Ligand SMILES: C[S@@+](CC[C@H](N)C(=O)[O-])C[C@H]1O[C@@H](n2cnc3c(N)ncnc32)[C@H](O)[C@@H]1O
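One chain is shown next in structure tokens, namely the form predicted on its own.
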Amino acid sequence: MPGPSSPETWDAFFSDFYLRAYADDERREEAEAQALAAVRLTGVDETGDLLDVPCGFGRHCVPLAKAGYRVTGVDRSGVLLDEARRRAGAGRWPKFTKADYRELPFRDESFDGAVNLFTSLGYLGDEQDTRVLAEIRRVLRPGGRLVIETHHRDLLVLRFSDSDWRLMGEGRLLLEQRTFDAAAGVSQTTQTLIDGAGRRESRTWSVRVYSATELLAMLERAGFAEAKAYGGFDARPFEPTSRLVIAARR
């Protein structure tokens, strides 16, 4: 099985296709609760500067701004950023920046905390994903924390399913077919979106699925002083059957 998909594949996926698949996902309250819990784990309050990277269409940074946080969202996709700005409205926050998260356009030590949520690593492979983590560390102030929330290898091994489907609202159906190379830690997915009129559109992509051990080692290589793995935003112990939450200190 090949490694993660190319940047061009991701650009095609994180586009209007992604918006049609997920923009009307009805889990908004869940996303808001997760965002607030993640920020509490960073230790940043409303007076601090917070980075949401990548921010997508504002799933997390928009409710954070509405809760009073000074949050900046970064994403490579102009299509998703346009939707994020629409959702944010005319308030002062959040601010948005279009950039690849391997090269963040901010000065060293610009933020008090950062969040990377909803499985937003694994697109680039070990070396480049470590570079992403090092960039986030660079723009954090001393003692600042990065909180990551992601799927992980052990959970995928335990609960792997080669296909499923979900209703996504407005009569849309999202079909997924998957393969998984557990030794390489690479999952390949084909998503097919069927709209209410029966029209179909598909995208295929591969992503690196890290174990907790691998991610902790990557954070160390990226220069973080301390990183702890949890089974949730409430800092419960990490288990193979839980999602993976990591809090890493600069």
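If you're wondering where the values come from, they're calculated on a predicted model, not measured in any experiment. From 1 onward, residues are counted along the sequence shown.
The form predicted in complex with the ligand is left out here; the points below concern that form.
Only one segment in the set 87-95, 152-160, 138-146, 121-129 has any non-hydrogen atom within 4.5 angstroms of the ligand in the model of the complex, and it is 121-129. The closest non-hydrogen atom of L117 lies within 4.5 Å of the ligand in the model of the complex. Though the partner is left out of this view, P54 does reach within 4.5 Å of the ligand in the model of the complex, counting heavy atoms only.
At least one heavy atom of S77 is located within 4.5 Å of the ligand in the model of the complex. When contacts are judged by a 4.5 Å heavy atom cut-off, Y18 counts as touching the ligand in the model of the complex. Screening E176, E109, D100, D82 for any heavy atom within 4.5 Å of the ligand in the model of the complex leaves a single hit, D100.
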